[in-house]
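In structure tokens, one chain follows: the form predicted on its own.
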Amino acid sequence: MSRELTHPLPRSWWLKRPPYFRFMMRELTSVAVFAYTPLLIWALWSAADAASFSVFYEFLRGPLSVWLHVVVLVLAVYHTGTWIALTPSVLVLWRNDEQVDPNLITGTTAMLFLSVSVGVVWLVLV
């Protein structure tokens, strides 16, 4: 009977190499964005009543809220950028017998993301 060979990893295994660090940062940014969702739920909940929405609006004007939004924006942009950069690794396209250039896939994904983002901003502001 054979035994599985396992090597215990230290808790800081991901700090040893830059690709591991970037991987863990991408994963941690998704947790941060998920932790932001209670604020969005509070916004939806308070939108039903003018008095509760004014409390929510006053919170948004505070320095804690501004700091929180800047941090979440930076984390979301990092998360999005790393996923766009990973797209050619996940989506391998072939045209006849040639592989499509990974830079073309990354560029197309980035342009699609920017187009959708501009469309959403336009819908919100107009």
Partner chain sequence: MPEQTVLEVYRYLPDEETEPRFQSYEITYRDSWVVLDALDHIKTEIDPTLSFRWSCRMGVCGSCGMTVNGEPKLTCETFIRDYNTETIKIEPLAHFPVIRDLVINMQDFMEKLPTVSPWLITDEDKPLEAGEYLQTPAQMARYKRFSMCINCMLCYSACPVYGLNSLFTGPAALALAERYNLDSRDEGTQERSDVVTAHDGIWRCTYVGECTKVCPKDVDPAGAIQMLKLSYALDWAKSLVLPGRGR
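On a predicted model such as this, the values are computed, not experimentally measured, just so you know. Numbering follows the first chain given and starts at 1.
Unshown form predicted in complex with the partner chain; subsequent notes refer to it.
Under a 4.5 Å heavy atom criterion, is Val90 part of the interface with the partner chain in the predicted bound form?
The answer is yes: Val90 has a heavy atom within 4.5 Å of the partner chain.
Taking heavy atoms and a 4.5 Å cut-off, does Glu27 contact the partner chain in the predicted bound form?
Although the partner chain is absent here, Glu27 would touch it in the predicted bound form, with heavy atoms inside 4.5 Å.
Do Leu86 and the partner chain share at least one heavy atom pair within 4.5 Å in the predicted bound form?
The answer is yes: Leu86 has a heavy atom within 4.5 Å of the partner chain.
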